[in-house]
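The chain below stands alone, shown as structure tokens; this is the form predicted alone.
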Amino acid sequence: MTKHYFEFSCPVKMVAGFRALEHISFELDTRGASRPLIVSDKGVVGAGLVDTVLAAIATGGGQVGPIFDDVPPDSSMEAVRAGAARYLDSGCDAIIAVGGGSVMDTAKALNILATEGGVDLRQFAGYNNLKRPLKPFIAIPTTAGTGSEVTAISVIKDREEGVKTFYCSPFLLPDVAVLDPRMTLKLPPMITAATAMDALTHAVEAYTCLARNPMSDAYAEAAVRRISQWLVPVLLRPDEAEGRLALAEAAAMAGIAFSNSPVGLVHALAHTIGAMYGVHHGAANSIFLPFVLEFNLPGSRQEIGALLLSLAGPEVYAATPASRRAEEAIDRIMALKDKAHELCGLPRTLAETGSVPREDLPRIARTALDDGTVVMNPVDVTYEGALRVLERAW
């Protein structure tokens, strides 16, 4: 008998490619939906991306209901309630989210209220407190980083209580994720780099954490390979549609990986400086990733070394002594950070963010220890260890 055991799930249908948006009408029809609420934000609407989606749906003979675009950068209870009211008052029967992580989080939580009839959202907070499927839900990401289109989590700020509430249930998963390069062609270089490094971090931490498994490893490796191959070309040629699609695919793959094999210390530190100083999550992950990998070498040298194959290709991997592959993998990630900084100014260190005081590093270290993601880190995280990583990242 073996002690090997894991669980893996990815029920989201992926529709990806250069005309993926035109398939939305079919996906709605097969689910008996004819009046979806479009959930987005004003920036995405202003960029014309919702119009692109509407035109694609019309091409397929479909129709939509109203557009709800009052989603703030950090999703809130107020936005969820307002969106659910629009859904219920307008007689909608499905939801299409067009946007980044905040839009996805809002749409997932909104779907709870749309299905349950506008009750208090808080009663569904936590893990697995939903007991039945929700309304049909299609997710169309406009960034290539968070992987929210394939994750079962929604994070909503509750200003009345002064906390962020977490919702986690397989019923929150979208029915369909639509990946179309037209949705990310207009992303600014800085956001392109930050979100790609966010996805890279998801994949690398999933591959090296304590809950890794063969299925999540396969998705993580594929994500790392695509990001390593395409991030710099896309930064050099922002209208590179093939590369944009590859990065979107990588973000989804990384999302699937870390949904089944959770992240670790990188995210604990990134969550902390994001909450305390407003540092972009992808930029924060990018800053910490190589330094946390150095910290984790005693517990995951073999796994980090194996990633060199995806980061640099078979020739470099074969030419690198096995005893040096982990360090070379970290160096490759560091070089990717340096190139992104050169091309778009993505910060490489905490000092370069301009918002994290060095004297606050001890407080950051103490706060990060309370983040649940440290549980799956391959090396036990102490205050001294966290502070050491922060000093390296400064």
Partner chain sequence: MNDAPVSTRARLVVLEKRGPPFAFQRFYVRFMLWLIGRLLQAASVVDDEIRREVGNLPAGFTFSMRVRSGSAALTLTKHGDRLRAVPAAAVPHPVLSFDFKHIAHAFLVLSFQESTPRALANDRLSVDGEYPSAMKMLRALNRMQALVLPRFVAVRALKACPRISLAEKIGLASRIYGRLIVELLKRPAA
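Positions refer to the first chain, counted from 1. The structure presented is a predicted model; accordingly, all values stated were derived computationally and were not measured.
Missing here is the form predicted in complex with the partner chain; even so, the following discussion is about that form.
Heavy atoms within 4.5 Å of the partner chain in the predicted bound form belong, among the stretches 209-217, 95-103, 183-191, 280-288, to residues of 209-217. Contact check for C10: no non-hydrogen atom falls within 4.5 Å of the partner chain in the predicted bound form. Remark: A351 does not count among the residues lining the partner chain in the predicted bound form, judged by a heavy atom distance of 4.5 Å or less. By the criterion of a heavy atom within 4.5 Å, G17 is excluded from the residues contacting the partner chain in the predicted bound form. Proximity of D371 to the partner chain in the predicted bound form: non-hydrogen atoms within 4.5 Å are present. Residues K3, Y5, E7 are the members of 3-21 with a non-hydrogen atom no more than 4.5 angstroms from the partner chain in the predicted bound form.
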